[in-house]
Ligand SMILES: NC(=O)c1ccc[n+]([C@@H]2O[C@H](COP(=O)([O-])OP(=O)(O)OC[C@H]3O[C@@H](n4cnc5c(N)ncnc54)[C@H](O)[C@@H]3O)[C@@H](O)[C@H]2O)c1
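Next up: a single chain in C-alpha cells, the form predicted alone.
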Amino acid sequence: MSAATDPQRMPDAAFWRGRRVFLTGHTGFKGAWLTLWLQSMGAEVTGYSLAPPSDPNLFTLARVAEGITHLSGDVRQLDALRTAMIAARPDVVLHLAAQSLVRRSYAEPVDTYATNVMGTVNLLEALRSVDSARAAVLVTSDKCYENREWIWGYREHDAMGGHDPYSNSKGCAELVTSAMRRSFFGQPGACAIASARAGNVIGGGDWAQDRLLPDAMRAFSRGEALVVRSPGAIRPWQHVVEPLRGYLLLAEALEREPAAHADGWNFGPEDADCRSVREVVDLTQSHWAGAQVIYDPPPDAPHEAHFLKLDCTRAHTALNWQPRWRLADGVARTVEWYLAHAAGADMRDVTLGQLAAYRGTGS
C-alpha cells in the first residue's frame, strides 16, 4: 500500500525537516507532545506560550525546551504575538494555546473567552503580517458543536454552539477562523487556514484538574480512591498522538492543496472507542494494582454533555487519517507513562520512546 492511500500513514519527516514552525501553547500537555514530535522530525520550532499550566508538567519533565526557541508570551497580547511571529518567519503555524477546561470556564468565563476567542483573533491578525507562512492549523475542540445529544457523530458543517463558556468559546473561535479566512486569506498565495476539532485526549504528562485520567493517576499514585462524577457520560476517547498526527497531516495537505483543505476537520476515534467514563475507568484499573474507585455524582455539578461523538469521514477519505492505537492501547500507554514517572525514569526518553512506538520506529 502506498503512503498516499495508507489510512494509518505517518507525517512526512522529509516535509518537516528544516521547516520553520511557530507553535503556540507548546508548554501545555498536547503542545509538549507535539513539540517533541516536531523536534524528532528535524523541524525548527519556535514555541510561544505562558508558563506550564501545572506542577509537575510534561514540558519540564521531558525537557521540551531543549533544541527549540522557547518564548514566554500571551496570545491575548497582540503586539507581542505579532512581533514574535514576524521574527520567527514561520513556514507553518500551529495554534494550540487555550484555556482548555470546562469546569474552570464556569469559574473564569472572562479569561476563557479572552484566551480562546480573542487569542484566536490575535493569532490570525498577527498572521496577516507574516508573508512566509503557507499553512496554519488552529486547534479548537469537539465541544465547539451545538450538542443535541445525538447518537450519531457531528460533521464539520454542523452548527457551532456550546452550553458552557469553554465549549461556546471554542464554537466562537471556529466562527472567527471561518470569517477571517474568508475575509483576509482567500487570495492566491495567501496562507491556507484550517481548524481542527478533537477532544478527550489521554496520554502521559497531563496533570490538569478535572480530567479523568490525570485525576485517576493522582489518586492511584497516592493510594487514594478515585471519585468519579459522571460514570455514564460517553466521550470520544483517544491517545494524544492520534489528533496530533491529524494536525501534522492536515498542515502538509494545506501546503500541497490549500483550496481543498482550508476548512474545519474532525479527528476522533472509531465509534467503538466512544466509551463511557465507567468503561475507561475499568480499563485504567486493570493496569494499576490495587486501584480503588468511588462513583459519587455530585447533585450540584455544573452542566456537562452526556453524549458526544465526531464523524471523521472527511479526515478518513481526504487525509487518509484513521486512528492507529485503539482505546485499550492508549490507556495502557498512559498508565505505563505514569508508572515510569513514579519509578524515576527519564521522561524525555520515555515520551520519545512512546512516539517512536506509535510511529513504528521503536518498541
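Please read these numbers as outputs of a predicted model, since none were measured by experiment. One-based numbering along the sequence shown.
If you look for the form predicted together with the named molecule, you will not find it shown, but the lines that follow are about it.
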| property | result |
| --- | --- |
| 4.5 angstroms heavy atom contact with the named molecule in the predicted bound form for G31 | yes |
| 4.5 angstroms heavy atom contact with the named molecule in the predicted bound form for V93 | no |
| Contact test in the predicted bound form: L254 vs the named molecule, heavy atoms, 4.5 Å | no |
| is_contact(S49, the named molecule) in the predicted bound form, heavy atom dist at most 4.5 Å | yes |
| Position in contact with the named molecule when the complex is considered in the predicted bound form, options N122, S100, N168, T284, heavy atoms within 4.5 Å | S100 |
| Contact residue in the predicted bound form, chosen from S105, T140, N266, T177 - any heavy atom within 4.5 Å of the named molecule | T140 |
| All of T115, N200 and R211 within 4.5 Å of the named molecule in the predicted bound form, heavy atom check | yes |
| In the predicted bound form, segment of 67-75, 180-188, 129-137, 270-278 with a heavy atom within 4.5 Å of the named molecule | 67-75 |
